[in-house]
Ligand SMILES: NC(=O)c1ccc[n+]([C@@H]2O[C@H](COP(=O)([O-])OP(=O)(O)OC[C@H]3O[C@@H](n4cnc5c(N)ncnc54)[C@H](O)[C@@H]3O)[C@@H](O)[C@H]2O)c1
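Quick setup: one chain, the form predicted on its own, written in structure tokens, and binding and motion questions come after.
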């Protein structure tokens, strides 16, 4: 396959058209009554996106921290604010509930919303434990609830294109995947009071809930969930096993979750002849070095995909004849490969195998597109959302098995 400018342009147009089609087919039907619980940073972002849809009305916002609740009311355009979730359900009677609370609260609120009769958009990960995620999914299935989990890369056209490229064989057989989410930030939010204030610890636990074990599942849940979902989607299956390590080695500020994690997942696959083989996925998340940021690198026998939220790059693999390596050459740069009577240079330069890439571009707003897809599913009474309960449960199990491996120091098998 040749990678030329015409093909590159086609992919740009195809992805762009997909995004425009999603944004341009808004329903003229009756406005959905939506309530949002959790109006901190993430919840406020969801509220702002929801106000851009003409077929949505935010009828209530809920948070037990007054400054956050005030923001939610403001961003919603004046929706009624509540400190009590049950009261909001009773008074506002929403058709849809959006959950953006700390993770440990997901199960209780999700099940209550489902029992009330509302459809549910729940931020990732679905629940604090695999068992809790199962209970949410079981409740939704029993009630017929339309459920979507907030794994935004499911709505990104770049990742849709990447999955198609893998499925059509453009990459050949997948060899390995490398994922990372690297940042140089403590993850700690500033508090409105000094440390000597009597309410400091309570506020810290409330606002910095991501840093403590009783409320958070750490980096794997908050960041790794998105990227491991990409891997599961590309490989078409959850992992069979994971080895992982991590620690609190750099930000020693009283937090209880890791500030760096490194994982190796194993996936069962079959080659073109139907023979089994293993694909290994490496994942790392750092909080003291942001080099290369967040990305996924999918490596196959015929090509490599470098993926980010705004751009994808496809590099065709330069494959040649089957080779026999001359043992006398060693493994250094410039080593010699002998094949079919020819002598070739074996290049270890990391840039040597990168030709001109095929580019996949998108100006997609992942969060807005994910919410829009969910809204359309509710309007059409379609339970098969882009990230339904089954996907959410699989994702929860995938990331939590890594945390268990870190805690136990051993390999963990897929738990469901």
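Quantities reported herein were computed from a predicted structural model and do not represent experimental measurements. Positions refer to the first chain, counted from 1.
Same protein, other form: the form predicted together with the named molecule, not shown, and the subject of what follows.
- The three residues 41, 63 and 106 all sit with a heavy atom within 4.5 Å of the named molecule in the predicted bound form.
- At least one heavy atom of residue 226 is located within 4.5 Å of the named molecule in the predicted bound form.
- Remark: residue 100 counts among the residues lining the named molecule in the predicted bound form, judged by a heavy atom distance of 4.5 Å or less.
- For the chain shown alone, residue 145 is not a contact residue for the named molecule in the predicted bound form, no non-hydrogen atom being within 4.5 angstroms.
- Proximity of residue 37 to the named molecule in the predicted bound form falls within the 4.5 Å heavy atom cutoff.
- Scanning 296, 123, 259, 160 against the named molecule in the predicted bound form with a 4.5 Å heavy atom cut-off leaves one residue, 123.
- Taking 210, 80, 134, 182 one by one, only a single residue has any non-hydrogen atom within 4.5 Å of the named molecule in the predicted bound form, and it is 210.
- Partner proximity in the predicted bound form, defined as non-hydrogen atoms within 4.5 angstroms of the named molecule, places exactly one of 163-171, 276-284, 191-199, 150-158 at the interface: 150-158.
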